[in-house]
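This text opens with one protein chain seen in two forms, each one given by itself as structure tokens under the names structure 1 and structure 2.
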Structure 1
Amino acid sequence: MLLDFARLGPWRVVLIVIAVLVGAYLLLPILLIVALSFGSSQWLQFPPPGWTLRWYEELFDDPEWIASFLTSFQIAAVVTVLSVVIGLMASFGLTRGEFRGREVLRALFLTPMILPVVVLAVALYAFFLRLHLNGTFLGFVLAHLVIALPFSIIAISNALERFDRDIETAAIVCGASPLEAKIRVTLPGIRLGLISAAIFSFLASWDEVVIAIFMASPDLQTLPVRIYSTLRQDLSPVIAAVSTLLIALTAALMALAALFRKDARS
């Protein structure tokens, strides 16, 4: 190999130092939020004068925070299922279909990842306003599905392109119908792509704040919208507690994805 880490000599130390500095730069703000969530001060004070679980108790005793948690989870769960199912069908068409304009269609599916989120949010708000979907559960699901679907298409398309189609053909030759071969052979073979699509679709919906602000109503608010609204009124450490739980959930899902990738390689 042209670049072998073992043969870099003194440059190895430089690269290690750079990696540590970059990692610290990315992790320190997260660790700061976690520390503030256990601080005894009623303000976001660092270093904390003491340690307490008071803010977590206030969080779980507040029905509005719990309602926002449940709303975000319900929306993200529905979006995940729809994103994986639609993404699977779209990926089959994009990877195996041969028709004019296929690459244009692929680019169209991935457009939400390129557009500025605020532009997409304004467009969805204006469109859904005419359909009377703003502030509704269905409106949230459809809006979040727009940003989650590209993640599913990318993950599943990549898995389908790596999958050996001859295995599916062999199953058909052995007597399976094309649909049965896809269900019993192809889907298990691309399970890693399906899992990745589900995880990233869930996180795309769970963490979305800009579109959610445009879609929210006084009676229906997701957790990121609730955090944003609370930040504008009060810098309570409860926000740090909520953020810590969000960080923990995201880290757990990413660790789960890494575990599945490790099992797939083995």
Structure 2
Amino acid sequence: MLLDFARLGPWRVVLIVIAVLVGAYLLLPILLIVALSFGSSQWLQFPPPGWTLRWYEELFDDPEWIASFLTSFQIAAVVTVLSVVIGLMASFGLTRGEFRGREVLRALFLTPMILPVVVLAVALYAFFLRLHLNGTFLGFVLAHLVIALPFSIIAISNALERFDRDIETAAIVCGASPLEAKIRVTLPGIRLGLISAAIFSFLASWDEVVIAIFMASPDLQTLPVRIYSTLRQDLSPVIAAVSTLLIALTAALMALAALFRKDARS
């Protein structure tokens, strides 16, 4: 009755109205940004009086935007590789190891994800001051790695737990060495976990802003830092253009993930 949409009676109307309103609440701001990025009004009028690519031109003509974009990308790429490799190793230990304190370790690895980032940001800022790592590439990579690792460990551990270990055992009985069995059978078997670990790690670094605000130097700024500092001054439509590009990236990654899910199902 209550879980049968057709037989919900008058309640159905209530559900539909709230669902439509929430859907609009979640979607419209995103559509608004996209519209404003093509709108000709400097003052963000809506609906825009005309359409233009001016903000994109301004964006691509500004070497500082390009530099921060590249910085973010490089940091995120290095973080992704490290996070997947280290996360893969840790996941093997956590799901298959037979040592004491495994559950404590698992909880410790996930803590950076649940604690308020601002605490970590302030703590790392102080710590890196002494090590002279603030404003350096290495500093960004290390900080973002801590944020990305939990995502990687969750995704890969889940995949490893779901993977039937007898398949790896079968490969070993077939004559493969334990390492060869892992490379030729287990890794392909958990590839979806590896891919989502990579996507989440990349996004964790790419979108990270709080730590970056503290660590950034005028010479080395990630894209979110640059957006944040611009936003504190004014609501330039160039931000709408940047945001639209970021939304497009998100949508593309979502489509990619959906594609892999379909692939996994077939």
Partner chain sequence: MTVTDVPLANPSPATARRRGRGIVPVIPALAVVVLVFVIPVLALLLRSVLEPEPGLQNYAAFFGSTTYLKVLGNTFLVAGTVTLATVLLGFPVAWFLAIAPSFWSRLLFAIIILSMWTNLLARTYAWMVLLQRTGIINRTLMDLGLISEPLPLINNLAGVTIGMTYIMLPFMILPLHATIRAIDPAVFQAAALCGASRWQAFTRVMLPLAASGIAAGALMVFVMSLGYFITPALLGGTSNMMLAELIAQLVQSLLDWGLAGAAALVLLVVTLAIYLVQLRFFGFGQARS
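We call the rigid core the largest set of C-alpha positions that still match within 1.5 Å between the two forms. Since the model is a prediction, treat every value here as computed from it, not as a measurement. FYI, numbering is relative to structure 1, first residue = 1.
Correct structure when looking for the form predicted in complex with its partner chain: It is the second structure (the form predicted in complex with its partner chain) rather than the first.
Core-aligned CA displacement of Ala248 at least 2 Å between the two structures: Shift at Ala248: below 2 Å after core fit.
Cα displacement of Ile18 between the two structures, core-superposed (Å): Value for Ile18 between the two structures: 3.6 Å of C-alpha shift.
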